[in-house]
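Just one chain follows, in the form predicted alone, and it is written as structure tokens.
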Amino acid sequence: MKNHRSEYNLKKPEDLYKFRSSILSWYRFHKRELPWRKSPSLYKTVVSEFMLQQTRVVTVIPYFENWIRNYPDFLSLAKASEDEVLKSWEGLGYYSRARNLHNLAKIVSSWKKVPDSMEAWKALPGVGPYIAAAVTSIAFQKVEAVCDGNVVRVLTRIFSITEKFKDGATAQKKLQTTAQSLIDQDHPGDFNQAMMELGAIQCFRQSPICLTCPVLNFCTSGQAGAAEQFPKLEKKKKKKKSIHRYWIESDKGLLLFSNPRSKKRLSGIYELPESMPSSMESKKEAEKILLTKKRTIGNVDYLEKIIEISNYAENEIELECGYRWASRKEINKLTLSGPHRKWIQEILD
């Protein structure tokens, strides 16, 4: 795979040394005080990396702190039930992360000796090249470079990489070799965190703070005032999808649905149903729109209308599989998807 450093700047050993020293010094002085950086451990690193996938730091912090209180180590997490784990994760989304982390804890807590190699970690549930590199470099000081979205932004700007990538994942894969060529051999964990931190708090997508950048002397696009032109990613066409959700109440509670056959990330997570059970019939004149909500997941814009059914008939006593009635007390105990928890509370309040 191509190493862009060999084609552009930072080819001289002395320049590379200065680059590493500059970004490490900057990191040690400017790094954010984050809970997983206080009394760091392998467990804290693993949990934080799982939570930080596709989720902003400000969102993760309270979840992480609560998680560590509930499950302070791999063993306590391994002993927890899946329902408990999912409930603790509620609101973070992408629930497959929680299940993978739970399964990983069961494996790690059974080990007599924890391996420190990339390959061993990549074999664990939910661990790809990025998490494996982050864990082994931060926890074991292995010289393994990470390449996430922040690092892609920093690298493409330093080297003014004009290649247009299909998407962020493709960019990360293609730039891995370049990231590896830059990593500090003596402080790989700090170096990886420094590169990510630079992208997170200074090298912003828009309006990057170039004038005080610790590596501006090595950044070709920054010196040219063209940092915002990078990285170059193909624009994805936005899709639109309209969904109806049903609000049906009875003396038994609110009707909720969880797909028992789903193997996707929302398996076991309750939401307002998209369709009424086959055992129910409603009258059109009894339908009323309670809320209209918009949200974006990936490249899909969703318009979700929550429709109250105030007059319906039940043909059977038992609800079909996946549906259940939940009282207000039960709703608080169940695991709901984050948006649906907010919508339900908004309507009930």
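As the structure is a prediction and not an experimental result, all values here were calculated from the model. One-based numbering along the sequence shown.
What comes next is about the form predicted together with the DNA, which does not appear here.
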The stretch from 236-244, 67-75, 155-163, 178-186 that lies within 4.5 Å of the DNA in the model of the complex, judged by heavy atoms, is 236-244
Give a yes or no for Gly222: in the model of the complex, does one of its heavy atoms lie within 4.5 Å of a heavy atom belonging to the DNA? no
Given that the DNA is not shown alongside this chain, does Gly298 nevertheless sit within 4.5 Å of it in the model of the complex, heavy atom to heavy atom? yes
Could you tell me if Ser258 has a non-hydrogen atom within 4.5 Å of the DNA in the model of the complex? no
Contact with the DNA in the model of the complex for Gly93, defined as at least one heavy atom pair within 4.5 Å: yes or no? yes
I need to confirm a contact call. Of Gly268, Gly128, Gly253, Pro115, which residue comes within 4.5 Å of the DNA in the model of the complex, counting heavy atoms only? Gly128
Taking the DNA in the model of the complex, which residues of 132-169 have any heavy atom within 4.5 Å of it? Asp148, Gly149, Asn150, Arg153, Lys166
